[in-house]
Structures are given as C-alpha cells and as structure tokens.
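Next comes just one chain, in structure tokens: the form predicted on its own.
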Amino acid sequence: MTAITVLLVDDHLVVRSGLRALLGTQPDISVVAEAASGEEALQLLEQGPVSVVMMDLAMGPGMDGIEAIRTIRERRKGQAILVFTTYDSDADIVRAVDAGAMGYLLKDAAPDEIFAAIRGAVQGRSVMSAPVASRLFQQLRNPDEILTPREAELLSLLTEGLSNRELGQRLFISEATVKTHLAHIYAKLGVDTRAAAIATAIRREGMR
C-alpha cells in the first residue's frame, strides 16, 4: 500500500498534534511534516514533495493561507491542497478555491469526512465540508438560478468528491449523461474545473 503523505500547515500546535494523531489511525495516510506558517510550508515543500497539503487560512504575521496556496500552486502546478479551517464564509471559500485549493474542510468535520477528502484530493477530486455543501445546495435551488434542477443537483453532489461513475450511480443516469451535464454546467458558469464551478456558484449567489 502506497502511503499518502501529508504536510500539516497550522499555527496552532494543538491543532496539528490532534490532526496528526487522527490521521495516524489510517494505514494509508502519513503525516510527514508540519509547518506553523505559510513561509515554513514553502520551505518544507522545497525539500521534498508530499501528496497533500492541509492548510489553515488564518495564521500569524506574514503569509496567510490564501497567499501560501497561491504560491504553492504557482511553484507546483499539480500539488493537492486542502483547506482545513474554522472560517466558512462564502468569501473565504471562493478566495481559497480561486487560489488553487482542491477542497474546503471545516475543523469540526467528522473523521471519515477528513479521511475521504484527503484520499479524494490525491485522485484529483474536490470535496467540501457538509455544512458548506448544504448551504450551496440550498442556494442552487433558487428558481432564478441559471442551472436546471438536475444541473444544480449534480453540482451539489460535486462537493462530495464523487467520480463521474459515482455521480451516475447516485442519480441513476449514465456516465456519458453525467459528462454532458457537467459540460453544460461548466459552460454556463464559465469555468473548466469542478472546484471552480462550485466557487463560481457561491460567488454568483453572493452577488444577488
């Protein structure tokens, strides 16, 4: 079994210690480094790659999480980055995804949700915490939303990090139909990735 290596970035030692202990219960996930700031995270990544970076948004003086995410993605295009924070405002979510985060987890997320998000990130999936996904789904049900009800439902399921096949199974449609719906969603929102579609939907709702 190939271990998923993780870099924890949070300025609170207690948070890092607790998360390290939690992730240590999984045989396929290994915390290999910790950083207390964005600058330290960048230095550690220069020493060697990791599978996933788990990044808090608000840290002490210096580089915040958003700037760190943006800089990491500029230097390492394919680096998987998950936000792990207490901040759940639409603005924070949009800024993080725009910067290059693949997922957005709240610190009160259930352990299984955290494990699934890390594994999904390695596979290129985007996952958001349940409260964030729920709020997004309620927004997309607004009758004047440009997406059709089926497209809105599909977009809400994207926050769970489901693959196209899993989306098809959940909605009882073919994988080809899922791809067609996704193409329509991306075109309507003017994006080309799942994470960007979710962020754009939230941004548009905030501008109403």
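Residue numbers here begin at 1 and follow the sequence given. In this text, all values refer to a predicted model and were calculated from it rather than measured experimentally. Throughout, rigid core stands for the largest set of C-alpha atoms superposing within 1.5 Å between the two forms.
Omitted here: the form predicted in complex with the DNA. The next part is about that form.
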| property | result |
| --- | --- |
| The DNA: the contacting residue among 43, 169, 26, 177 in the model of the complex [heavy atom, 4.5 Å] | 177 |
| The DNA in the model of the complex: contacting segment from 57-65, 28-36, 43-51, 169-177, heavy atom within 4.5 Å | 169-177 |
| Three-residue site 100, 119 and 156 fully in contact with the DNA in the model of the complex at 4.5 Å by heavy atom | no |
| Touches the DNA in the model of the complex: residue 194 (any heavy atom, 4.5 Å) | yes |
| Non-hydrogen atom contact residue 181 with the DNA in the model of the complex at 4.5 angstroms | yes |
| Residues in 154-168 with any heavy atom within 4.5 Å of the DNA in the model of the complex | 163, 164, 165 |
| Rigid core fit then residue 193 CA moved by 2 Å or more between this form and the one not shown | yes |
| Rigid core superposed: residue 64 CA moves 2 Å or more between this form and the one not shown | no |
| Post core alignment: residue 12 C-alpha displaced by 2 Å or more between this form and the one not shown | no |
| Residue pair residue 158, residue 58 - Cα distance in the model of the complex, closer or farther (3 Å or more) | closer |
